[in-house]
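For reference, the chain that follows is the form predicted alone, supplied as structure tokens.
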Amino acid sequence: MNQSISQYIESLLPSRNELFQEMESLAEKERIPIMEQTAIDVMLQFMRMQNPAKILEIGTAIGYSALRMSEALPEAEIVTIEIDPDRAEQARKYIQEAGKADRINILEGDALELLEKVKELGPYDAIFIDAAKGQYLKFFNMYGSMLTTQGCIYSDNVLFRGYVAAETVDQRRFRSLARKMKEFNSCLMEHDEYITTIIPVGDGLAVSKKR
């Protein structure tokens, strides 16, 4: 999306409460990846229409998106996975401060190793993927089986700073990730069990609905 248009849309969004503003400032200061405002606004609107009772989030970070989802869907139960113990502890603090500890359950560990535990807590009406980009396809395939019949999978960062559209990527550390994200996007669009649309907001949001 054109940067000026994106900034204009973001300027129209309602201001967040003090806790969210504090989390946004921390994320900016410490370079903690949280979802961009235009993208999370679109995802939350989809989720309001879907009205999931249970959500699985892969990639908690400091709990920002989990709390935004919980604010938009106060009756929803959220299970969220975080591999970094320090980030998980920060998330617990913010979730407790927001009074959402009864609705948001943090599982600490590698999402690739928590399959059975996550399965025990499922099934899920919505799955949100926002973790290690190189593992997106594994996450999608592993946890997609836990999705309810009318479920949706939301994947952030699928346009990966525009690198997915570039013929060549000069920076070596981004080259492999760009290739993996392109493969992931192709798999989504060709998947027999899902209908996917990619929305060019934020860093790219894919919405995959079960057929």
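Here the structure is a predicted model, which is why all the values come from computation and not from measurement. The first residue of the shown sequence is 1; numbering continues from there.
In what follows, reference is made to the form predicted together with a small molecule, a form of this protein that is not presented.
Student: Considering non-hydrogen atoms and a 4.5 Å limit, which listed residue (Ile83, Ala98, Ile106, Leu73) is close to the small molecule in the model of the complex?
Tutor: Looking at the other structure, the residue within range turns out to be Ile83.
Student: Is Arg87 close enough to touch the small molecule in the model of the complex, meaning at least one heavy atom pair within 4.5 Å?
Tutor: Yes - in the model of the complex, heavy atoms of Arg87 and the small molecule come within 4.5 Å of each other.
Student: Even though the partner isn't displayed, in the model of the complex is Tyr64 close enough to the small molecule, meaning a heavy atom within 4.5 Å?
Tutor: Yes - in the model of the complex, heavy atoms of Tyr64 and the small molecule come within 4.5 Å of each other.
Student: Can you check whether Asp110 is within 4.5 Å of the small molecule in the model of the complex, heavy atom basis?
Tutor: Yes, Asp110 is a contact residue.
Student: Please determine whether Thr60 contacts the small molecule in the model of the complex, using a 4.5 Å cut-off between heavy atoms.
Tutor: Thr60 belongs to the contact set for the small molecule.
Student: Only one of 147-155, 169-177, 45-53, 31-39 gets a heavy atom within 4.5 Å of the small molecule in the model of the complex; which is it?
Tutor: Contact-bearing stretch, as computed: 31-39.
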